[in-house]
Structures are given as C-alpha cells and as structure tokens.
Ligand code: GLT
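Form predicted on its own, single chain, as structure tokens, below.
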C-alpha cells in the first residue's frame, strides 16, 4: 500500500520507545517489559529500518562481563535474523542515582570520570553493533540551584568530556559522528544547551567541531514554545543535522513524547516538507511512545502510526510542490529584483554607494500585501484533503 513503510525510508525506533512500560511520576507501569530481541523482530515486521539504544536498554548497569557478552550475542543474532540495523547508540547518564546532579557537568570529579568511563564502554557497545552516530542527551546536565556552582565550570567540564570522547572514538577507529540533543528542562529545572542554537554555539568551541552536530527533538523545542521547523532549518543551514527525533507535544506541557503528528499536524507537515525538499538522507527516529492507556497491541498501533503519518505528509509535501496555485502565490511572495540583489549580496564600496543612492518607494513597499492568508488557507485545505 502507498503508506506502508519500507526499510529504505530509514525509520527507526529506540528500544526505550516501543519498550516503554507506561510508568509516570504518579503511576506504576501499565505494560509488561518487552525483550529486546522481540522488539527487533516486531519492528522489522512493521517495515522499520533499525533500532537504537542506550547502553542499559540492552545491558543492565550491574551486568557482569560474561552476562554482557551473552546479552549482546543474543541481540546481534536477532539483528542478523531480522535484517535490522543499529544506526545510533547513546549512553544512559541520567537514570542512576550517581548522576542525580549531572554526569559530565557534575561538581564531583569522581562522578565526571565515571560518566566518561561509562560513555566509553557504551561507545564500544555501539560500535560492536554497527552504530555510526552517537547521541548525547544531557538530561541531568543542569541545575535547580545555581548558587551551588558556576555554570561556566559546568560548560567547561562538558567541553572536556566531549573533547575526550571524540579523541577516544578516533583512536579506536569508530569514527562516530556525535549529535548533541538539546532540551530546555525536565528532568532538571534547567538543562545546559537548552535549544538547537545553544548547542550549535557550543559545538564551535570544541577541539574537533566537524565531528559534532545536533539531534533536535520535536517535543523539546515545542515544550519551550519555539518553532521546531525553524530550529531544523538552522541546523541544516549549519550542516549540523546529524540525526533527528520525531514525536509530538503540546506546548508548555511535560515531555509527552506523543505519536508523530498526533498534535501539531501543520508543523509536522512543514517539517516533513523541509526534510524532503532539502534531501535529508539520515535516520528518521521516532523518539516517542504509546500512551500509558495502551496494551501491547496499542504499542504496535503507535509504531505503525508514526511511520504512516510521515509517509502521508511526505505525499502531501509532493502535492504542495506540484500545486500550481500554491506555487504561483509563493512565486509572487518572493519578489525578485536582480539589480538590487546583486548590490546587496556581497559588500563592496561601489555596492554600498549604489544602495545608499537608490530611491525606494517606501509607501508602496509598505502597502503591498504578500498573500500569506491565502497561502496558509490553501495549505490547510490541502492537509484536510480539499485540494
């Protein structure tokens, strides 16, 4: 069928996403855990490309070396049997009590060193499973009480950790591309590198910035009331969109991780259009989970829904690009003036003098309507199936 996912679409899920057991801060689990091997086979049946994981999604934090090897061997067997890949791996630096006040940014040097050790071991695991992208989400890298320390120290410690781990990756021949995942808050009151722009600015200060990009998440920018499509455009413009987390979110709520397209359908459409129009070839990772109300059948309905919605919006994006009336409005909106564009494109003494001497009809410029009301309504018409 037209909207059935295929491995070539590069849809991925995390073990922690479909494996979410429905626990929340106020309630106990509502679903039984699913074995990693079972998740791999089920996602393969649904048409997914791969599965991603934190280290402890697969290997318990207190596993012995022999237990670790047995678990990994069984998981690799499931990957081979199903044809599934592990494109991305990451480290859980937020669940264990040792990280309650941060990992790489912790004021305790022993905890910072342990966090780097844990990340190296996790990177070894990811490389063994074939991962090429490594994500860092600083869920505990933040503060509720700023009086306890200096944010400059925390940022410096984070920089030291990333420089260390990048060098480790290169020395081991892993050649990871690292993707930093911004989030404004939760579980900490304030998290360092809260949005895409902050992460991009930080990356420029690293020893090997070419190895680092971003892994933006729809829900995270939306939580803060920001425009996720704008954030992705900035990441693409900087050449730093290394990975992306797709889900949905109501603005101002806790991190809901709703099914992709469940809430902000126009934003989801514009995001898919941006990714498809710019030729994004990376993984489309659904960092979301089924509602707590659902049983296992609902989990797989959730997974199907994420992929189906993306493919439907991809078709809508192609329809939008082929719609003659819509494209005519956009063409009229983007007023062209080759002479003035050539003057303002790059600075020279003569261009500056010519621009200063040019006579603009300010009243006419202010009086013109760009036609955005019509364009926006046609977009809604298209999304609602009326075009």
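Small disclaimer: the values here were computed from a predicted structure and weren't measured. Positions refer to the first chain, counted from 1.
Quick note: we don't show the form predicted in complex with the ligand, though the next part is all about it.
J.: May I ask whether 90, 255 and 287 all come within 4.5 angstroms of the ligand in the predicted bound form, judged by heavy atoms?
T.: All three within 4.5 Å in the predicted bound form.
J.: Mind telling me which stretch in 95-103, 302-310, 163-171, 216-224 gets its heavy atoms within 4.5 Å of the ligand in the predicted bound form?
T.: Selected stretch: 216-224.
J.: Find the only residue in 228, 137, 242, 75 having a heavy atom within 4.5 Å of the ligand in the predicted bound form.
T.: Among 228, 137, 242, 75, a heavy atom within 4.5 Å of the ligand in the predicted bound form occurs only for 137.
J.: Just give me the single entry in 132, 181, 263, 294 that has a non-hydrogen atom within 4.5 angstroms of the ligand in the predicted bound form.
T.: Spelling it out, the residue with a heavy atom inside the cut-off is 181.
J.: Even though the partner isn't displayed, in the predicted bound form is residue 31 close enough to the ligand, meaning a heavy atom within 4.5 Å?
T.: Residue 31: no, not in contact with the ligand in the predicted bound form.
J.: Examine residue 54 and determine whether its closest non-hydrogen atom to the ligand in the predicted bound form is within 4.5 angstroms.
T.: Residue 54: yes, in contact with the ligand in the predicted bound form.
J.: Would you mind checking 15-44 for residues with a heavy atom within 4.5 Å of the ligand in the predicted bound form?
T.: The one in contact is 16.
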